[in-house]
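Heads up, the chain below is alone and in the form predicted on its own; it's given as structure tokens.
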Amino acid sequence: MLTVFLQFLFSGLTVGAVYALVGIGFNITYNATSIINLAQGEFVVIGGLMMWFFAESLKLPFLVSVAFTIISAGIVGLLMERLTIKPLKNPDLLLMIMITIAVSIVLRGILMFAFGKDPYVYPSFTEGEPLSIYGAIIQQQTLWVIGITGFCIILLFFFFKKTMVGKAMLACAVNPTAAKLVGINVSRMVMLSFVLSAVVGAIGGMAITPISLMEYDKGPMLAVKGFCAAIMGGLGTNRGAVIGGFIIGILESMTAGYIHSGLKDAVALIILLLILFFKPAGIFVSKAMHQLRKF
């Protein structure tokens, strides 16, 4: 019984790590622009498929493939912002959200034509026997997924708290007009937020593809679950998005294992509805953060 529980737990932690990265991607664009980028799930798919293209199709070395995949995702994020968000003269929040939905549909169509409808997979980052804990099997790639997520969280924490660029991005979210008055290039910060969120999503896609087949149409469901993680933690709060992502991943895994696998995808939607009804500000949002948003 303990073995089965641990197996479901490890599986939930793995997918939860990816949901956490998607949720962080939502927060990056939201913190800089107040935009909810509903194309965030497509960046995860781009990461997985482009990594397959460079590593398996072109047979490039691993690190070169990783670098090219990150660059490719960053370019897509940059083009998305430059071609769809920046040209707006009087940006309306609802209009910008609708634009991100349109971009998601376009990207999904491009990926379908480029890669087809077949699922793609490539070998784990390292070879070796899986680990066993009380009979539960942990693949080495699972440790990579969780480790990469943790590394990204730490890196982003220092970026936003310790660097001038990160602080400038946060200032643009609080008050864009005041940010302009103190010399911050708001347009550049918005562009950087889209590039950074695309890169974070792509990293999640690269990490999860070896243990979860990547297909062109996985983006929307990943976006829903990542958005649910971000909402659970409170939009703009990366710590909450991480906790929310792991909670959703674990609950999904337990639901699939103990109840029915067909109900797995419904978990995030139910959680999202409950949070919007009873705690729309987010479960893990502090009073200080809430006051900052109101300001």
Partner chain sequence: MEKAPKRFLVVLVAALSVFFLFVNAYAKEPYRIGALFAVTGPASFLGEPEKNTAVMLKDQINKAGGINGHPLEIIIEDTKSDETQAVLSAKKLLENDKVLAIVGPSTTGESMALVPIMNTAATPLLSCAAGAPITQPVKDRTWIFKTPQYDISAVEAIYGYMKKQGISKIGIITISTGFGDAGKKALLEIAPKYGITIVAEEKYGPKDSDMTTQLTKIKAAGAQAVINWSVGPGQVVVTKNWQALKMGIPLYQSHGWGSKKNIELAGKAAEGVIAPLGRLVVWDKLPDKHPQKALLKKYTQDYEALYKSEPGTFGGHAYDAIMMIVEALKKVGPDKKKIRDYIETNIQKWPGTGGIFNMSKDDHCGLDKTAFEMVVVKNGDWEILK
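Think of the rigid core as the biggest set of C-alphas that the two forms share within 1.5 Å after superposition. None of the values given here were measured: they were computed from a predicted structure. Positions refer to the first chain, counted from 1.
Quick note: we don't show the form predicted together with its partner chain, though the next part is all about it.
For the chain shown alone, K161 is not a contact residue for its partner chain in the model of the complex, no non-hydrogen atom being within 4.5 angstroms. Its partner chain in the model of the complex is approached by Q139, whose closest heavy atom lies within 4.5 angstroms of it.
Although the partner is absent here, M112 lies within 4.5 Å of its partner chain in the model of the complex, judged by heavy atoms. Within this chain, G262 lines the site of its partner chain in the model of the complex, having a heavy atom no more than 4.5 Å away. Of the candidate stretches 146-154, 69-77, 207-215, 188-196, only 207-215 contains residues with a heavy atom within 4.5 Å of its partner chain in the model of the complex. Taking a 4.5 Å heavy atom cutoff to its partner chain in the model of the complex, the contacting residues in 121-152 are V121, E129, P130, I137, Q139.
A movement of the C-alpha atom of A266 reaching 2 angstroms or beyond is seen between the shown form and the other one when the two forms are aligned on their rigid core. For T255, the Cα coordinates differ by 2 angstroms or more between the shown form and the other one after the core has been superposed.
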